[in-house]
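Here you get one chain, nothing else, as structure tokens; it is the form predicted alone.
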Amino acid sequence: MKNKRILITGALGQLGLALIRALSKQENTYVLATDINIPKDKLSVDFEHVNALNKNRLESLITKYEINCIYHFAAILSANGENNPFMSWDVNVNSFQVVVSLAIKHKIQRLFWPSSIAVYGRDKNPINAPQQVDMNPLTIYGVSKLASEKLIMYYHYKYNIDIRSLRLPGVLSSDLVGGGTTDYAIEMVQAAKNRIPYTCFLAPQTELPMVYIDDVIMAMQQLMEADFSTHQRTHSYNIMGFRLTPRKLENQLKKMGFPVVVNYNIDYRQQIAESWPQTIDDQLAKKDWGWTPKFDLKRSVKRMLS
């Protein structure tokens, strides 16, 4: 796409902030960030305060700024979602409906929306979970993500709208917004950096797939630029970088000279984590558009510490 005019919803979240940093460096790219919250620091792009459920307001922005591409990140994450499942469904699914309906009406060229490994359930294959398998998620976050994955397929076939998606594992970065089940990893690194003890809410051997934020942004950009005119594509690609447990992260920090003291106080997020796969199969992303992660655990932690 040339002369991209991009709208980001939920732009003050972990994915949005990282994408803003990447897109602000590109030529011929205009970015409008939107969020229900107000930024604490000045952004490098234009910002509008808006609720992603406000269809009329979003439509006015799409028209005013001549938007031709949307990244829809507005969502309530897994842990917070369990505290208010009805609100979580409203935000996660109905805001998706709002954005897609506007994209269809205004002929938006391309739309990105992130899914999650939360779509898997206890009956999934815990090791190397397949790209396509029966899914019975146990959280409202997973249910809402799976519903929207199905809607992507429906809207693609009915309206021929180009919606692209990644099914993300835990994402490591220096931006901690909160509300997720894999947040422990970011919190532990920050505690180590600040030389303070950390209390982890997951059991030490709880293994989950992870990926570093720079790899996620690279994957988004590769996927959004990929040419699918010659072959069929899946509608939400698995990607992952490495597998991680709290104990493994604790040991990695100590190897790097940060003797973090970690205590374990398991809470309701343990059950959420146990319903997710330990690793996922991302071979289809590698085959279809060349996905290859660059960050392993050591390099990810080093970047977060710096």
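In case it trips you up, residue 1 is the first one in the sequence shown, and so on. This is a predicted model, so every value here is computed, not measured.
Not pictured, yet referred to below: the form predicted in complex with a small molecule.
Using a 4.5 angstroms limit between non-hydrogen atoms, residue 185 is distant from the small molecule in the predicted bound form. Although the partner is absent from this view, residue 168 contacts the small molecule in the predicted bound form, with a non-hydrogen atom inside 4.5 angstroms. Contact between residue 78 and the small molecule in the predicted bound form is found at the 4.5 Å heavy atom cutoff. Interface membership of residue 144, defined by any non-hydrogen atom within 4.5 Å of the small molecule in the predicted bound form, is ruled out. Per the 4.5 Å heavy atom criterion, the small molecule in the predicted bound form is contacted by stretch 115 to 123, the sole one of 84 to 92, 100 to 108, 115 to 123, 218 to 226.
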